[in-house]
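Only one chain is shown below, in structure tokens, and it's the form predicted on its own.
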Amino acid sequence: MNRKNSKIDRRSFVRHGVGAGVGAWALDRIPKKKMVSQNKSAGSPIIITSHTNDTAADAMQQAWSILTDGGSALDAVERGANVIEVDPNDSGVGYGGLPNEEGVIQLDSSIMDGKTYNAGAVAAIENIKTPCSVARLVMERTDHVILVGQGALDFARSYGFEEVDLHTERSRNAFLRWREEHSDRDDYGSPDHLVTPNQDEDDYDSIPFHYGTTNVLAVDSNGDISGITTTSGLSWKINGRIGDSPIIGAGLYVDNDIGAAGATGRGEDVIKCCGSFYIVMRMGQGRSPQEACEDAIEFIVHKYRNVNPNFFPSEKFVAINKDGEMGCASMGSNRVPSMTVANSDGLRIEEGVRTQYTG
């Protein structure tokens, strides 16, 4: 076990505290080939998130306390996602997320309840820190699945959600730097006579850019399964762009008889292959969550082979099944994918498989 590289060290975890009855919480990295959980019986609680920082540890601890108290998977995934959404230091989800090309932070989120086979989502919603909670209301209080833009905001306001400026100083400064430095064909940036050679190129490399997104998936003690995917989306995206996160079957899918899957990465590719639905269906055919995540990546690669065999979009999939097994796989990244897991074995980070293809 690689304790040195663990993103949640023992000191930071102790700071979060452990509730009574939670059990022993081990902070270990599990080798990537050991993706099968020990809680084999259906109905043994488990919750995972694709995030792996200290906030993820706090989110999973709070969500796990709901599950160990007999609470629902639906309540647990919402709690876990909310903790991540309101983290001002997370530039890919909720408050403090990186904005679109106009400097506006637009959030996407979806939720699905396996028990009721119901789903809800919001897309391009502004000024709301916890979009997954609005998505839950869409699911429970309307006969629709998705609301977008101003309509989603009006809906949230009708239920008492407070509008706030989603920018932090960090996210706003990142946008201002991007606006000044992403092009030499506009009038933002230093006056021409004060620009030194290669200044723009050097600064451009330091501007943050990412796809963002987090998934939270859970099975409760009744064997019911729920999931959430929530994001601020692709940074510097075209105004109004919607990725895979709020689309049921793409960024999230839950089947109470099988399991759940979620996606992060370049959403356009996940939309086109209905990635999360595909993973869950593969699990229904007998594939493990790990195998199913890798199957989805192979599916995407296969579709591009005849078009551009050297194109490997940045994707990451996570999945769980009803038996408490889990999987995680990615492509188009130099980093080994990982996720934070909480179950009867403890709280830990588990590594998945980084799939490499040569065309």
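Every value quoted in this text rests on a predicted model; they were computed, and no experiment measured them. When you see a residue number, it is the position in the sequence shown, counting from 1.
Another form exists, predicted in complex with a small molecule; not displayed. Remarks below refer to it.
Although the partner is absent from this view, G259 stays clear of the small molecule in the predicted complex, with no non-hydrogen atom inside 4.5 angstroms. Residue contact with the small molecule in the predicted complex: G267 places a heavy atom within 4.5 Å of it.
Interface membership of S110, defined by any non-hydrogen atom within 4.5 Å of the small molecule in the predicted complex, is ruled out.
Shown alone here, S171 lies farther than 4.5 Å from the small molecule in the predicted complex, counting heavy atoms only. Of the candidate stretches 135-143, 118-126, 67-75, 212-220, only 212-220 has residues with heavy atoms within 4.5 Å of the small molecule in the predicted complex. R241 is the sole member of R241, R282, H167, H182 with a non-hydrogen atom lying within 4.5 angstroms of the small molecule in the predicted complex.
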